[in-house]
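Each of the two blocks below gives one form of the same protein chain as structure tokens; they are labelled structure 1 and structure 2.
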Structure 1
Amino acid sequence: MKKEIIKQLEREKPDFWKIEQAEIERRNIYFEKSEEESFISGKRTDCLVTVYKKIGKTLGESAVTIKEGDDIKRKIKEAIIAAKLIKNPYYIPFEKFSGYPALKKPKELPSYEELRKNVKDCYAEMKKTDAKLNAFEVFAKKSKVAVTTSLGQELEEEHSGAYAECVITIKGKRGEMEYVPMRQEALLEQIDLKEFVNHNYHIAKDISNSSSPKTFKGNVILTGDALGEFFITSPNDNPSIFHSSARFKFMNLSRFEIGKPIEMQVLGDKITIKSNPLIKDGARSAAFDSNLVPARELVLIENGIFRNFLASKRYADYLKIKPTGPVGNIEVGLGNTPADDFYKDGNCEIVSFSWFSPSIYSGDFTAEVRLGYMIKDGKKIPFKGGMLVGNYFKLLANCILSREKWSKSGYYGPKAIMFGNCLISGS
């Protein structure tokens, strides 16, 4: 199909073009209660063609998916007609770059038998406890992305992905409660299913023995799933990444200016945030972006000062800055304080939110607490419910970072962060 597409593109002669092909192979296993419910295995290929047409000082572009059996000639002609209708500010979609990082090729997908055994072992482990595993899903994915452009560039890279999700239910003082942990990594062995289940068993147990919180004002320590979610729900849902985007700077929506503090008043540690697509076996590692700009480590915020915009080739040209390649894993600089020092009477820890989804525009959020602990008399007293209410940027400007490291699903940073002056709305 690719040869036919190139033949048509060369015949129709748009000013620039690119072909992005993705081949994805999946092996997924699903358990309901302790019964195997489903196993899925297969392969899909997708092909996206983008054409660019220069008209005077403007550039029009249009993207089209070519499916098996499509009339390629007609689809490309239609895409070029669409591109001619668009008059965006001119930019150069591709340039010849060098210095592409070499990322490790992923391993073969685990077999059905291997996936099944891993999950069955987890059920056997859980049987030794007072909890039940009510569902388990494990997915393994291998993908190959190839990009070809009108400049004659042709690059290909392979990725792998693994995902685990389970339902743990357990009876406690609060009645029967559940916890549904999930984890996404590049490789299945990074998840370590047994450890995943054991760790989350304790969270489920604490949820089942939790009470509802009273309204709380003070220091909140984020750890575990809550901390991971705070920084990397998905890069596009993270207000600090959104406001670091050159596209949103160009749209006059970013609150950041290079060389200026992200918030005027900073209390506690000054935060450093980097995008790093080069981390070995990182969940969000990549060698290049869709315009073939090589990946690189990029400091977004350094000691509370905004340093660089994340820029695709298009918005880099618009803002007259260098393109930065793909958005990668999120690295947060470590602090100097041992995490244990955060656990003082009167503070509160949140280990899991129901859903942390701040407004990417304002940074405001209200997030229900799935599990937290009030620290009282040196003990951790579990609670569930109540809403942490606040503003993302204000929290980043009032935090203490632990010196210990932790990583999960593309977050690499402190094991615990304590935010000051927080409000949990409770009864």
Structure 2
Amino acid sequence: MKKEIIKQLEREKPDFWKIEQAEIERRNIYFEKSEEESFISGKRTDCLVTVYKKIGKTLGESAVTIKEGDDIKRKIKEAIIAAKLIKNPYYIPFEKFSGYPALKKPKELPSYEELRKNVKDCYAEMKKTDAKLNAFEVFAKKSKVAVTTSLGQELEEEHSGAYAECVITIKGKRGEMEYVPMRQEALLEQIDLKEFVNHNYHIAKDISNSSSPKTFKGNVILTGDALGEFFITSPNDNPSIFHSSARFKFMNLSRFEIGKPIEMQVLGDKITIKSNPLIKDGARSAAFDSNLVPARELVLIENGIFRNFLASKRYADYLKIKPTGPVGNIEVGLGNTPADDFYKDGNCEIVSFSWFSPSIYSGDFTAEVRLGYMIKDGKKIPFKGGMLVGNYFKLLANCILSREKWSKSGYYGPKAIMFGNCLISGS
């Protein structure tokens, strides 16, 4: 199929083109209650073809997915017609870079027997508790991506991914309730299904026995899922990544300036944030981006000062800076304070949000608390509900970072971060 696509591209003669051929192998097992409902194992190959057409001082581009049996000639012709209708400022999409990192190849996918045994073991563990597993799904995949461009470049890399989700039913003071935890990593062993179920059983139990909070003002500690959600890496969800984007700088939407603080008044530790796609078995590790720019570690914010924009080849050309490669795992610098020092009477811990979606422009947010704890008389008293209200950037400028490290789903940083002067609206 790839050879036929190249032949057709050479006939149609777009100014630039690239083919991203992905061979994807996946295995998925699903249990309803304690009985296996389905097991899926399969492979597929797709080709994502992108064509570029220069018109004056503009460059149009269009992408199309081609599968076995598709009309290759028609699809490429339609893509070129679409590219002619788009008029972006001109840039050169590919260059011949060097110095690509060698990432470790992923392991073989777990067998059906291994997946089934792991899930069965989780059901056996849950039977020892007062909760039930109503459903359990485990997904594992491996992919090989080969990229070919009109400049004669050919690069290949392999990725892996794993996902687990379950439904826990438990009865407590709030009555019977369901809790649906999920986790995504590069490898299934990074999830540790037994630990995943056991950890989330205790969270579900605390939620079922929690009370509704009163309005709270003071120090809030973020841990666990809540901490991971706070630093999620998507530019469309995370203000620090959005404002670090060269694309949004070019569009005059970024508030960051190189060499200047992200917030003028810093009341706590000075935060450092990096993008690192080179972490071994990282959930967001990669050797290159879609325009074949080599991956590299990049400091975004250093001790509260903005240092570098995340720049694709296109927006790097527009801003006349070097492209930086793919957005990687997020590393947050550690502090000097033991996490245990955060747990003082009068403080509050949040371990999970129902959602955390700050405004990517202003950083303002209102986030419902799925599970938190008020610290009183040296004990953690669970609560559910109430809204954490604040501003993302002001929190980053008023935080204390733990010295212990924790990682999950592409976040690598402090195990706990305590933010000062927070508000949780309650009854």
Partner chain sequence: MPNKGDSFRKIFKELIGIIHSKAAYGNVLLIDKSALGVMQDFSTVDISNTGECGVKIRAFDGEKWHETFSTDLEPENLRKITKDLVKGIRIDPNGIKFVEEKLEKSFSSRFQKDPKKVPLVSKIAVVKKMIDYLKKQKHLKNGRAFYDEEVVRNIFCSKNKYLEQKISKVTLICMAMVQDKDGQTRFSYELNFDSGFEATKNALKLAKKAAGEAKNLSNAKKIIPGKYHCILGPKVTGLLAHESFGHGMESDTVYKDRALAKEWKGKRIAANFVDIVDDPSFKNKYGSFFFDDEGQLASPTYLVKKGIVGNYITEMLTATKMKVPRSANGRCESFDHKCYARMTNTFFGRGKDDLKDMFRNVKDGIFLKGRGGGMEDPKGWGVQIQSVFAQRIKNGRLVNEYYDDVGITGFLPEILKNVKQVSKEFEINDTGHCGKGHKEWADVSTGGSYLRIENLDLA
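Only the largest set of C-alpha atoms that superpose within 1.5 Å between the two forms is called the rigid core. Just so you know, these numbers come straight off a predicted model, no measurement behind them. Reference numbering: structure 1, starting with residue 1.
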(request) Please match the form predicted on its own to structure 1 or structure 2. (result) 2
(request) Note yes or no: does the Cα of E178 move by 2 Å or more between the two structures after the core is superposed? (result) yes
(request) For R370, state whether the C-alpha moves by 2 Å or more between the two structures after rigid core superposition. (result) no
(message) If the two forms are fitted on the core, does A83 show a Cα displacement reaching 2 angstroms between the two structures?
(response) yes
(message) After superposing on the rigid core, what is the C-alpha displacement of G56 between the two structures, in Å?
(response) 3.4
